[in-house]
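For reference, the chain that follows is the form predicted on its own, supplied as structure tokens.
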């Protein structure tokens, strides 16, 4: 599975692509940041993010997209821009029919480090270890995007298997009911 992780932001939108599956080593395909200037009008900045994300999707052709779920933090001045960038990420992926998952920061921290309250340094160290990197990608937005992609490979794959198992059991139960009716 190839996942594009997106850490939305209006000034810096982190993007990271990870290949892998549960139980197998993961690998980083690419990582970066889409930057916009605070001197530009918000609408132009959002178009820049849209074009940048489209380019990443064209180049890397992910199977799924994982976006950080926006939450209210102490610095409320950035919430609106983060939410707007998140909306652009969701639209760009949905337009292509890609599966989209949203993960909270605490879900990502728990998935990557085992601790939902881990600090950035702990999460960063685990991203380096999990992906066998020589150093943590900078800025933090890029590393966070990789953590999102890792989380989705691990959690998304597990959720997909669980959903498939439930669907299989439901189909089996339905077939058994129909068999009982025909007797």
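Residue numbers count along the first chain shown, from 1. None of these values were measured; they are calculated from a predicted model.
Another form exists, predicted in complex with another copy of the chain; not displayed. Remarks below refer to it.
Relative to another copy of the chain in the predicted complex, residues 80, 91 and 95 are all within 4.5 Å by at least one heavy atom. With another copy of the chain left out of view, the stretch that reaches within 4.5 Å of it through heavy atoms in the predicted complex is, among 139-147, 115-123, 42-50, 25-33, 42-50. The closest non-hydrogen atom of residue 70 lies within 4.5 Å of another copy of the chain in the predicted complex.
Residue contact check for residue 110: none of its heavy atoms lie within 4.5 Å of another copy of the chain in the predicted complex.
Among heavy atoms of residue 105, none comes within 4.5 Å of another copy of the chain in the predicted complex.
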